[in-house]
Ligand SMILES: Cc1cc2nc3c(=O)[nH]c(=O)nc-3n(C[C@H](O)[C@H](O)[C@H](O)COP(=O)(O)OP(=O)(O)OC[C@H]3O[C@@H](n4cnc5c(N)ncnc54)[C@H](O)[C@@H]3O)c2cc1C
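We begin with a single chain expressed as structure tokens, specifically the form predicted alone.
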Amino acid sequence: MASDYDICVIGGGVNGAGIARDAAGRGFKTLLVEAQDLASATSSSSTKLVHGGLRYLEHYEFKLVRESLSERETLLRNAPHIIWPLDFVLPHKNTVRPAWLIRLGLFLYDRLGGREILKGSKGVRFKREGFGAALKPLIHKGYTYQDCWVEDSRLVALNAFDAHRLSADVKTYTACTGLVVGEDGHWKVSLQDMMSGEQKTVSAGVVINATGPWVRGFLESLNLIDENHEAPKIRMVKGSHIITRRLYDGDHAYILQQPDKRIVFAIPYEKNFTLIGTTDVDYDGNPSEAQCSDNEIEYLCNAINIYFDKTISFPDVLWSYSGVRPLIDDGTGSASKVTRGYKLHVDHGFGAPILSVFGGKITTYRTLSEHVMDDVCGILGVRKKGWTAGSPLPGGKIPATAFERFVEAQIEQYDWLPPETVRRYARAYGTRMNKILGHATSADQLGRDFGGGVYEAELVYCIHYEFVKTLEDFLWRRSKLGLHLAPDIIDKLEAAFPSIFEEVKKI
């Protein structure tokens, strides 16, 4: 008897959503389940960069850096609305690393992965303007290069939406509570709706465990492995970030070398803010409860104060967040030196295969997903080629070098909306912003105006297409409007959301 699904993917982070999209596009009947919201843990708590990882060269991670560098432009071409080039400025201090080592690293970085769109590195002299305006006067020289910024939680949502468009079932706020193999040789997957409490069981030929920092704990909780199992060990490392008011002018980011050899980024964030991170702290708690400690805040403030004219301290921190990275435990002493690579582990010992994903980073999620599905095709004895490298994500059918022209055209078309609102829609939804604005010719046709550029039509879109089930999903993961909106606007949204959600469910 055939199973309900060919593949059940457990975990709605970037890897799980990417795997589900790839699987559905290869024609597999696919189910994606996530116990909370999409990107509710590590995948919304990153430094939000698509990058090769310049510092990984120092640890001889050449294969990982090459793969990451080659992926930058693939992802940029496929999602130029949520991924874009970002200039990085590396102020130089000889007390941290010698100049020859920096130049060698940048030489390799320029050449390992190949590039057509992004600019290469170069040396710069700082003046009291431009790149040097925010820096201490004694810092005279440095380097620039390009990597990419990514809206991490939107990357997850777009992958999940595309998986659904390709006929995958996507179930958020749905926990996998049991896995056993039935007499028919298929997995029996027990599911519980975390909102209603409803329980059901479905069958699947292959289970993919993409639960991130829970990858071993999930298997252990279901008695699928014990501490002596050959599957890789996980080392959970907490990375924390802080948000301050904007510390400098310009659209460039800084990469700041620290006395302990780590690096800290300072990145323009949501127009009015600066994002500062990250830390590397070993963590042994519940990944969903990770928080930025006072010691981490102090470390990140000091990282800025070493280089910037303007100093910051605890009162300047407006918001902080922490994510737990599930790194492969390779026995390395320092958390910052643990590999950011990944391993795929297949277990056939239960009568049906289960593949678990250990490690990984956001930049390599697409190639990881492709490798997972290549392995699954091998397990099932079928030949179905990968397809995602040349396929834009929803809203991404825009030339990577022409995004600003696209925005200008939208501002002209929807001239009855404030330009900053149109730009936000373009950045979040790309060409799919027309699904929100449609044939409207005035703001009155977008439903209730909650203020701050938020209209009912956008909420309806996100509930209908992007699996939004709570207001927090919308304010903090489909967007970062939670940083911008006044309390009275959020109060209005909280009052209206339940009725809007129920109306959309009826459609």
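One rule holds for the numbers: they count along the sequence shown, beginning at 1. The model shown is predicted, which means the values in this text are computed figures rather than measured ones.
The next section is about a form of this same protein that is not shown, the form predicted together with the named molecule.
Output flag, T74, T367 and S369 jointly within 4.5 Å of the named molecule in the model of the complex, heavy atom basis: Verified in the model of the complex; spot residues all out of contact, no.
Among the candidates G430, G323, G142, G105, the residue which, in the model of the complex, approaches the named molecule to within 4.5 Å (heavy atoms): The option sitting close enough to the partner is G323.
Candidate from T211, T388, Q257, T244 lying within 4.5 Å of the named molecule in the model of the complex - any heavy atom: Exactly one residue meets the criterion: T211.
Partner-proximal stretch of 235-243, 379-387, 432-440, 393-401 relative to the named molecule in the model of the complex, 4.5 angstroms, heavy atom: Single hit among the candidates: 235-243.
4.5 Å heavy atom contact, S356 to the named molecule in the model of the complex: Result no; S356 lies far from the named molecule in the model of the complex.
Proximity of L86 to the named molecule in the model of the complex, heavy atoms at 4.5 Å: No, L86 is distant from the partner.
Contact label in the model of the complex: T42 to the named molecule, heavy atom within 4.5 Å: Output for T42 is yes: heavy atoms within 4.5 Å of the named molecule.
Proximity of I306 to the named molecule in the model of the complex, heavy atoms at 4.5 Å: Flag for I306 set to no.
Residues in 7-34 with any heavy atom within 4.5 Å of the named molecule in the model of the complex: Contacting residues: I10, G11, G12, G13, V14, N15, G16, V33, E34.
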